[in-house]
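Taking the form predicted on its own, here's one chain by itself in structure tokens.
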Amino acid sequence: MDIEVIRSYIPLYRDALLLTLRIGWQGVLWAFVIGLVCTLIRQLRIPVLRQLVTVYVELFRNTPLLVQLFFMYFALPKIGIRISAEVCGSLGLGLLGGAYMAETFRSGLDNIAPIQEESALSLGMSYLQAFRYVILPQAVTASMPGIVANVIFLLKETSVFSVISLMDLMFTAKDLIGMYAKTIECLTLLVVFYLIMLLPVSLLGSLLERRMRRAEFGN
């Protein structure tokens, strides 16, 4: 392993990491918003919208992100819809993550006893107020392990962005291997930079989960 080669490649991986983080966290934000909207639609039990949410969740949970990106980046322009590679990456990740987040939130809501909603309504709250102030905070706490797992999963899925020519970590590694054949050095840096990206999320997620549970039980 050539240390000098690794040192010379670090700036390229750093730039790729920043791009990956920017698009990845944009996708995570989209996933949270979409997941919450889908959860609210399910809770309001609006027939047509609820069925559309079910179709959306099943469609995006059962197709690979790679296929979704191919469709958005290469197929949509054929019908006149053109989006940049960065928007395609963040939107694709958000749509995939939204489906998983919706199921995670649904699982958390299933753990909330019906008496919680009934008590809030009996105190004069509207349904939306009960959902916002009573049900949702408890559901988020119950869902925290799944939320953290989904965030890590989505950030790892950024590794397929290279198929739409985004200069992410995977693209950088493959490009350098193809040009200079420094396979060990390139793959070592790839592993290191993915750990830099994902380990803090895992540690912070575990810390947040413990704090939320302590706050919930008053310890």
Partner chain sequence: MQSLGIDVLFKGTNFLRLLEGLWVAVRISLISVAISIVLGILVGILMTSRNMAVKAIFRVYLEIVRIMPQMVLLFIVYFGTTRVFGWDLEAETAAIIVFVFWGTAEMGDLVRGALISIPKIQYESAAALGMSRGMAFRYVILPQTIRRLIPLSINLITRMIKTTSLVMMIGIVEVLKVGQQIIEANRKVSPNAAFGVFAVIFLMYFLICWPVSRLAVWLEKKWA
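All values reported here derive from a predicted model rather than from experimental measurement. Numbering follows the first chain given and starts at 1.
There is another form of the same protein, the form predicted together with the partner chain; it is not shown, and what comes next is about it.
Of the residues given (Leu40, Met170, Val33, Leu49), Met170 alone sits with a heavy atom within 4.5 Å of the partner chain in the model of the complex.
Thr183 belongs to the set of residues with a heavy atom inside 4.5 Å of the partner chain in the model of the complex.
At the 4.5 Å threshold, heavy atoms of Phe105 stay clear of the partner chain in the model of the complex, well away from it.
Remark: Leu17 does not count among the residues lining the partner chain in the model of the complex, judged by a heavy atom distance of 4.5 Å or less. Taking the partner from elsewhere, Leu166 is found to have every heavy atom lying beyond 4.5 Å of the partner chain in the model of the complex. Contacts to the partner chain in the model of the complex (heavy atom within 4.5 Å) from stretch 151-168: Ile152, Lys156, Ser159, Val160, Ser162, Val163.
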